[in-house]
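A lone chain, given as structure tokens: the form predicted alone.
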């Protein structure tokens, strides 16, 4: 089962999760406020990028997606640290010199602490879009000679729901469950507008720029007969509405896929949009008896260290559906599993890559696959889930040899 020779094999990371020492980020104090395990030095990638580059090369990868930490680049409002920008430029240049295509993400959940001091409502304040554009422009002008692939926002809906819906990220609002608040008509369009402004800026700077987002998408199914409308409502809101807002301002569609969820309808007033989306995190927060009583459903599929069900057979059909809906080239920007898991990463990769290949054979224009993640990293509150092809000590983890063989040959070895 062969992939095209031009197909990109890559890995993805995020600055806050691997660099370490991002003390000027709003997340730094948020960790303490939430009682999270502290991120601390993370994987020390800020100082050990050359070691990370060796791992990327050992995996035979053609691409590497990393994010630029806004709070490092602009530690105070209007003050840009050129030495930080220069370091990111050097990373992209080193990748390119090794034949590895850098994809640069401008926003991966982390924002400067000063941003929320000056704009306590965050993205509810329309002027934050201008702040982000200023930062992105400064970064893009420096990186443009060595980077042409850009991700404006990673998982914008996960971030917005966490920051403005469920008190998971700063500024920590509880808006999604309150129909009187203006979460949907305000905060989503503000971030979509920011994407459009950055998209235009990048294309003015680089007519050949390749610009998109990385949108988290789950396979969504009705929990039971009669839940079809609820499943459609949640899928449209969480996965497709943001893409629809920026439909004409993206050169590709980036998809992050991990699992499937069942959605049921509910009359519980504090559940969003009259739905009960069956995420493992929601089950944990409610407890299984309450989750089940409210109509929640999980199936008997193997589970990963995040308690997410492993459903590779849903991956290919989902990708094909997005291709038919949006008619854009697709990059799988994230796909991976956390250990400890009930299956091996080799099994996970084999199943998901086989499903992806089936979608491509059916006509989906998929240009690349980025595994999450290169390293075991800080998973927003804990180091316990281990997503890496390498450990934090940079030792190979389960599946690294398999993925390196796939990247080298473009073929999925027979099991």
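Remember, predicted model here, so these are calculated numbers, not experimental data. Residue numbers count along the first chain shown, from 1.
Below, we turn to the form predicted in complex with beta-D-galactopyranose (GAL), even though it does not appear here.
Colleague: Report the stretch among 70-78, 131-139, 90-98, 107-115 that approaches beta-D-galactopyranose (GAL) in the predicted bound form to within 4.5 Å, counting heavy atoms only.
Modeller: Of the stretches listed, the one contacting the partner is 107-115.
Colleague: Would residue 372 sit within 4.5 Å of beta-D-galactopyranose (GAL) in the predicted bound form, counting heavy atoms only?
Modeller: Because a heavy atom of residue 372 falls inside 4.5 Å of beta-D-galactopyranose (GAL) in the predicted bound form, the answer is yes.
Colleague: So in the predicted bound form, is beta-D-galactopyranose (GAL) close enough to residue 273 to count as touching (4.5 Å, heavy atoms)?
Modeller: So residue 273 does not count as contacting beta-D-galactopyranose (GAL).
Colleague: Given that beta-D-galactopyranose (GAL) is not shown alongside this chain, does residue 266 nevertheless sit within 4.5 Å of it in the predicted bound form, heavy atom to heavy atom?
Modeller: Flag for residue 266 set to no.
Colleague: How about residue 258: is it within 4.5 Å of beta-D-galactopyranose (GAL) in the predicted bound form, going by heavy atoms?
Modeller: Within the cut-off, so yes.
Colleague: To verify the annotation, which of these, 322, 331, 308, 153, has a non-hydrogen atom within 4.5 Å of beta-D-galactopyranose (GAL) in the predicted bound form?
Modeller: Exactly one residue meets the criterion: 308.
Colleague: Assess the spot marked by 17, 380 and 387: is beta-D-galactopyranose (GAL) within 4.5 Å of a heavy atom from every one of these residues in the predicted bound form?
Modeller: Yes, the whole candidate spot contacts beta-D-galactopyranose (GAL).
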